[in-house]
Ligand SMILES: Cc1cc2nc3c(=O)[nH]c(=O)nc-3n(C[C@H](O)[C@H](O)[C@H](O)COP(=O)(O)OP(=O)(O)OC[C@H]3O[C@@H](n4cnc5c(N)ncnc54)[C@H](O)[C@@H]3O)c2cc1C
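The chain below stands alone and is given in structure tokens; this is the form predicted on its own.
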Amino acid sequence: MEEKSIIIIGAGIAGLSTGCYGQMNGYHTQIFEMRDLPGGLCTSWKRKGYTIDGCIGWLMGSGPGYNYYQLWQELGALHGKRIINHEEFLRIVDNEGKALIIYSDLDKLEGHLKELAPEDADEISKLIQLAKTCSTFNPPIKKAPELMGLADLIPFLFKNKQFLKINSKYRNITLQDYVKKFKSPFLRKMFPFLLVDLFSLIMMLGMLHKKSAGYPEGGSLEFSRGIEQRYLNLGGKIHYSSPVTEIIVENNRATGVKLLDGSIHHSDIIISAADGHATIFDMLGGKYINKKIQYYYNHFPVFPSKILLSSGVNRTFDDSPHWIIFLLDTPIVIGGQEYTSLGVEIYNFDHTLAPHGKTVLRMMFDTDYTYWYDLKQDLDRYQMEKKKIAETVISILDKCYPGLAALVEMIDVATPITWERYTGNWKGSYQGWQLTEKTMPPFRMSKKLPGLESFYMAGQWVEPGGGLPPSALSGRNVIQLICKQDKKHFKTSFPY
């Protein structure tokens, strides 16, 4: 029997993953991608000899012993790449020059925190133990959640009962509230600058300790290129610069796609790994929704978009940590929002991103999409705001590193409008649905739409939480569902 054909919309991480697992299971797949590069949001670009990394700060599953590592191995994402695990993950420096250091090793971190705040020794011990417990959690990837039964669920719940207790107890506690447990004024002041909530901090510390939150040398585009090459080696085909404008439907069955150039391409199955809102309301004209889906898009909050400011500097920073947050004497306004700190990622550790003796600096700020959408209506105001942000940030960096301003050779400012234009992401959102009580796992959107046959969705809009692993895993999961529908045994393989 001739194998079915699949068209995949989008060559981001979810689309590439879908294509890889489709090819592994005997389907004939092809991907249509609007841009001329793979990766979607997981990308990099060049300016004046410097490479700006648009995505990966640290990668979940970068080391063995973690199921996501198996996922990346199946996809060929890490082949030949050096994984950089930072001994010192982050440093926060207050206005007086005193530092809180987040070490990747939990025992070293515990010693450092107790040295800073011996009066909080008991609470520090509790925090470290929580992180060690979470370091043992290994998210399941073998079966798509939709295919799991009690025989799968009960062993998972039993094995991870301690982790699940921690998740239930701490996931809604902000760091602003958590620090009230500390007696030390210094820890109370510094901890809220780490992350928003306590559970995310615990999880991050656990993964760092397990050496499963490293950085793949070469950055985001090279990471995406690894999956692209795996897909091509499996026999897949990618059509770049081929934006899909419409999903063709006949008798409530998806049968093909129409491109911007007017050409139509048919297939047995259509999978959209593109933006969820664009897929449902633009490519399908909003015809295949129900009240639940409409409610999601009307009411569920999305992760905020980002301003990404990058600069190329004609010097190195050999004595600085790779990520440092400076608390500011005077708040600054960036993109209409006030900030009391400035976080800087210093790419000394990846020499592939800058010429010898030079360094890329990267700074990210959460921002409001509507602010930038309104600004973009007046191009001059939009460009002036980007220039103002660059001048503000470089001025502060020049105080932190005297003489730096004169050594800046490149400045690049990306806004929510940049992400929207480049990837089509709704509201320029970086990670889809924001995690709330309603969107925390096990919530997920169905990978199918009501009333539409031969159609599936993949990506962060159907796997809340965002980030690279859920996006890649969604591609693996959707092919499992198709294999189940076709009564086929789902297969995976390793490229090397």
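From 1 onward, residues are counted along the sequence shown. Just so we're clear, the structure is a prediction, and the values are computed from it rather than from any experiment.
The next section is about a form of this same protein that is not shown, the form predicted in complex with this ligand.
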Fill in the blank from the handout: If we test each of 449, 445, 34, 435 for a heavy atom within 4.5 Å of this ligand in the model of the complex, the one that passes is 34
Practice task
Note which of 58, 50, 455, 68 lies within 4.5 Å of this ligand in the model of the complex, where distance is taken over heavy atoms; exactly one does.
Solution key: 58
Problem - Contact check for 12, 242 and 460 against this ligand in the model of the complex, heavy atom at 4.5 Å - result: yes
Exercise for the section: Tell me, please, which stretch of 376-384, 269-277, 170-178, 328-336 lies within 4.5 angstroms of this ligand in the model of the complex when heavy atoms are compared? Expected result: 269-277
Practice task
Check whether residue 431 has any heavy atom within 4.5 Å of a heavy atom of this ligand in the model of the complex, and answer yes or no.
Solution key: yes
Practice task
Give a yes or no for residue 419: in the model of the complex, does one of its heavy atoms lie within 4.5 Å of a heavy atom belonging to this ligand?
Solution key: yes
Practice task
Answer for residue 212 alone: is it within 4.5 Å of this ligand in the model of the complex, judged on heavy atom distances?
Solution key: no
Exercise for the section: Answer for residue 464 alone: is it within 4.5 Å of this ligand in the model of the complex, judged on heavy atom distances? Expected result: no
Handout entry: Residues of stretch 146-178 in contact with this ligand in the model of the complex (4.5 Å, non-hydrogen atom)
Key = none
